[in-house]
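Encoded as structure tokens, the following chain is the form predicted alone, with no partner shown.
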Amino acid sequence: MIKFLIKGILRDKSRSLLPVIVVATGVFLTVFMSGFLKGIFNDIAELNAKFNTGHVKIMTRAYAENKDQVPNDLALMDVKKLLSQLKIDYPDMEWVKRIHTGGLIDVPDSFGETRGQGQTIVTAIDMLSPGTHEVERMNIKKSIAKGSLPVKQGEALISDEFAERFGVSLGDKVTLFGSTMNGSMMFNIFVVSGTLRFGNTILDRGAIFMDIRDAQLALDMDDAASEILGYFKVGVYDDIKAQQLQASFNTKYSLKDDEFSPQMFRLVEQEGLGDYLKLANSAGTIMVFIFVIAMSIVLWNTGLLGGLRRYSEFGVRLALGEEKKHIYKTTIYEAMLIGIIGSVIGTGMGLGAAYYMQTYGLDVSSITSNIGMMLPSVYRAEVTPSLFYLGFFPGVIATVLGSALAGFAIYKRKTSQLFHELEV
């Protein structure tokens, strides 16, 4: 029977071509959009990892409980020793230290008097060490509005909006006021080497990026850091590996009774990114549900039109003694074959498009060039194993469902009407 149905599908293009095109189109959109959405979600999560969470993050227990307050008096100590040990214990990771703090920027006039002040958020990263990847990781070069990167200690980058508001020019000296790790008053003079556009309202109002050695000196944080971030060298977050890493580190280094002992946190445990990635993983399911409904409606109407066109065929088959039940079953089998054929074609097209977008991506740098560093410049799809079978759910289910609904017209055929049609 299957062989007979396949011949019928191949020979009668008028009854199979349109359903196959509809199925292939729906499956293509399902596969491609699922891969593209997952890629976008992962790109945004990866961007958060670069700027804030890392693939894993190490903080003291006390700092982690109050991290929104940036309590550097609870920061990590003996960072050099800890980093050396981390590189030995976990060589497949890249470890970086960062310092976060807040304060006031004071802009002096030509007489040294205060011309303007504004609140600021300070981020200190390793900008000057040979081989550092922090500048590229945080997309700083592409986000410079004026000037250039710091080339020596004592230089820093400030937000372009702040510089425009207070008339700060390149090479000007400004003063950062705040408190040190020990709670004493701190002020630090630095030279503005460039300005940045962040694409974030809070940061654009007043933010500073400086080398971590300048921050350690200003904040009395010699051999200390707010946090240590770890990144997989393969560049992609893997939650299973992160769990194993977290369990190993916390068992070895973290002491429950010591609030200053280091504790490791995974990306999914920070900033609500766990729920965000769950949404990304369910994007495929959402796409399947939408296209099953939409394609079922389209294929139902296609099936009704095809059924009307095939009334004579069904009439002849009934006249020859074939049962209505058998005709209905063959219609379902035929729809299943059409669904499989369309799904194979659509999946191939969707995978090809998703792979292209994974390789080359969608470059939106021309649109985001004036927005700043907090948005990806290239959006990419992600080809995952689920894409190889994801499209078969809407493809086959919708086709069978549409034909099942349309096929009920077979049971409405009456013998008297049948003989009247045959006489004509």
Partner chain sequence: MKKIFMLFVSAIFLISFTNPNANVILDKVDKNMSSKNRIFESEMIIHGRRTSRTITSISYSAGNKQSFIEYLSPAREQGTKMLKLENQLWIYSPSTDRIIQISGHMLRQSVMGSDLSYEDMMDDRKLNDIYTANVTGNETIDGRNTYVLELIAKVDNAAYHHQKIWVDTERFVPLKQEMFARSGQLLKRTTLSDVKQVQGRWFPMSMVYKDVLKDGNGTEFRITSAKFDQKIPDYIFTKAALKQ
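Just so we're clear, the structure is a prediction, and the values are computed from it rather than from any experiment. Positions refer to the first chain, counted from 1.
Missing here is the form predicted together with its partner chain; even so, the following discussion is about that form.
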item	value
Among 323 to 331, 346 to 354, 123 to 131, 68 to 76, the region lying within 4.5 Å of its partner chain in the model of the complex by heavy atom distance	68 to 76
Any non-hydrogen atom of I397 within 4.5 angstroms of its partner chain in the model of the complex	no
Interface membership of I88, its partner chain in the model of the complex, 4.5 Å heavy atom rule	no
Close approach of A218 to its partner chain in the model of the complex, 4.5 Å, heavy atom	yes
Contact label in the model of the complex: G154 to its partner chain, heavy atom within 4.5 Å	no
Option touching its partner chain, based on a heavy atom within 4.5 Å in the model of the complex, out of E259, E94, D172, D239	E259
Candidate from V191, A145, L104, L337 lying within 4.5 Å of its partner chain in the model of the complex - any heavy atom	L104
Within 4.5 Å of its partner chain in the model of the complex: residues from 173 to 208 (heavy atom criterion)	T175, F177, T180, M181, N182, G183, S184, M185, F187, N188, I189
